[in-house]
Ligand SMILES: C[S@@+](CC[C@H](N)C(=O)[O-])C[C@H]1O[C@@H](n2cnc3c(N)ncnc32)[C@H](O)[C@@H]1O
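We begin with a single chain expressed as C-alpha cells, specifically the form predicted on its own.
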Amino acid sequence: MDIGFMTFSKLAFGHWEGQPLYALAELGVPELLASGPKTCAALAEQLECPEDALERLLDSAVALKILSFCNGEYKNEECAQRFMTTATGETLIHWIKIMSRWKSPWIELSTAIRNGETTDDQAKWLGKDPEFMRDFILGMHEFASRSSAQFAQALNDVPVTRFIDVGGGAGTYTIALCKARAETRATILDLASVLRITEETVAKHGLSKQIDTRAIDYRVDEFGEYADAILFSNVLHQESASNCRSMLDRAKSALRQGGALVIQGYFLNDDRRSPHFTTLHNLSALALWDGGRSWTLRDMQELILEAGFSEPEVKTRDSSGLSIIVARKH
C-alpha cells in the first residue's frame, strides 16, 4: 500500500465527509428521527423529496455512523441524537448550519489568496440576514458552551465586580462567569439585532438581574468606564490590525486602574505553522472576515504592550491554540 498516496487522496476527498452532515442538518433529518426510527419512505414524504435521492444520503449517514439502519428503518445514533436535535441541551445544530454556510467562502479560498481579501465578508450578513444571524449567534454559543466553565475558572485570581464583554454574542462566557460569581455585574456589548438573542439566552439562565446589554458598533464606539475586567473573546481575529489596536485603546479607557484586559482566541505559535487547527483558523479568517487573521501569541502580546498595558500573562493554552491572555491597566 502506498501510504503517501493514501494520505494525499484522503486530503483531496476530505471535504466530501462533511457534506452529508450539512445536508442532514439543513433538511432536519435528525430532528425528524428524534422521537424514534422511520423508514426512508416516511421521511421522504415528510420532507417532500424523492425517496431514491434521500436514501443515498441516509445510507451515507449510516456509513459515517451518524445514523443506524435496522428492520427497514433509520435511527439516530447517539451522536446525532445529542448534537443534531433539540431534544437535549447539547445541540450543535445551529453551529453545524453555520459551518455549512461557511463552506462557500472556503471554496473561493484561492480567489481570496490571489486578491488578499475575503470573497464574502460574513460581518455584513449579521445586519442583513436574520436567519444567518440567529444561526451564527446560537451556533457560536453551542460550540463555546463546552469550554465556558474552564474560562470562568481561569479567571479565579482576577477580581471582577464590574465586567464588560465586547462583541459577546449570546453571552456564553459572561453567563459562565456570573454563574460562578454572584457579586459580578456584567454588560454585554453587541449589535442591537444580536442583543435580542443575548437577552433570551441570559433570561434562560436566570441571570437578567446580573447581566445587562448595550447596543454598540464595537469598531468605533466607546465601551464604558470603571470596569474591573473587559473581555474580547474570539472577536479580534475578525478585525484588521488597526481595528484591533483601536479596540485595545478603547478597552484601556473603559478599565479602572489595575483593571484586567482579557483576550481569548486561537493563537498561532511563533513559526506560524502550528498548531494545525489554528493554521486553518488563520485561513478561515482570510476567507470569512474583512482584514481578519489569526495572531501569534507573541504578536498579540506586543500589540497589548503597545497599547500601554502591563506584561501580558498567558493563563491557559490548549493543543488547538485556544488561549486566554490577561494584562493589566497601569
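From 1 onward, residues are counted along the sequence shown. This structure is a prediction, so every number in the text was calculated from the model and none was measured.
Quick note: we don't show the form predicted in complex with this ligand, though the next part is all about it.
This ligand is not drawn, but in the model of the complex it has a heavy atom within 4.5 Å of Asp217.
At least one heavy atom of Val194 is located within 4.5 Å of this ligand in the model of the complex. This ligand in the model of the complex comes within 4.5 Å of no heavy atom belonging to Gln210. Remark: Gly168 counts among the residues lining this ligand in the model of the complex, judged by a heavy atom distance of 4.5 Å or less. Of the candidate stretches 200 to 208, 74 to 82, 107 to 115, 184 to 192, only 184 to 192 has residues whose heavy atoms lie within 4.5 Å of this ligand in the model of the complex.
The candidate spot formed by Ala254, Val262 and Phe309 is out of contact with this ligand in the model of the complex: none of the three has a heavy atom within 4.5 Å. With the partner omitted from this view, the residue of Leu155, Ala144, Cys178, Leu248 that lies near this ligand in the model of the complex is Ala144 [heavy atom within 4.5 Å]. Think of it this way: in the model of the complex, this ligand has a heavy atom of just one of Cys244, Met140, Val160, Ile96 within 4.5 Å, and the residue is Met140. Counting a residue when any of its non-hydrogen atoms is within 4.5 Å of this ligand in the model of the complex, the one hit in 93 to 126 is Leu126. A shift of at least 3 angstroms pushes the Cα atoms of Asn269 and Ala123 further from each other in the model of the complex than in the displayed structure. Note: the CA-CA distance for Ala123 and Gly321 expands in the model of the complex relative to this form, by 3 angstroms or more.
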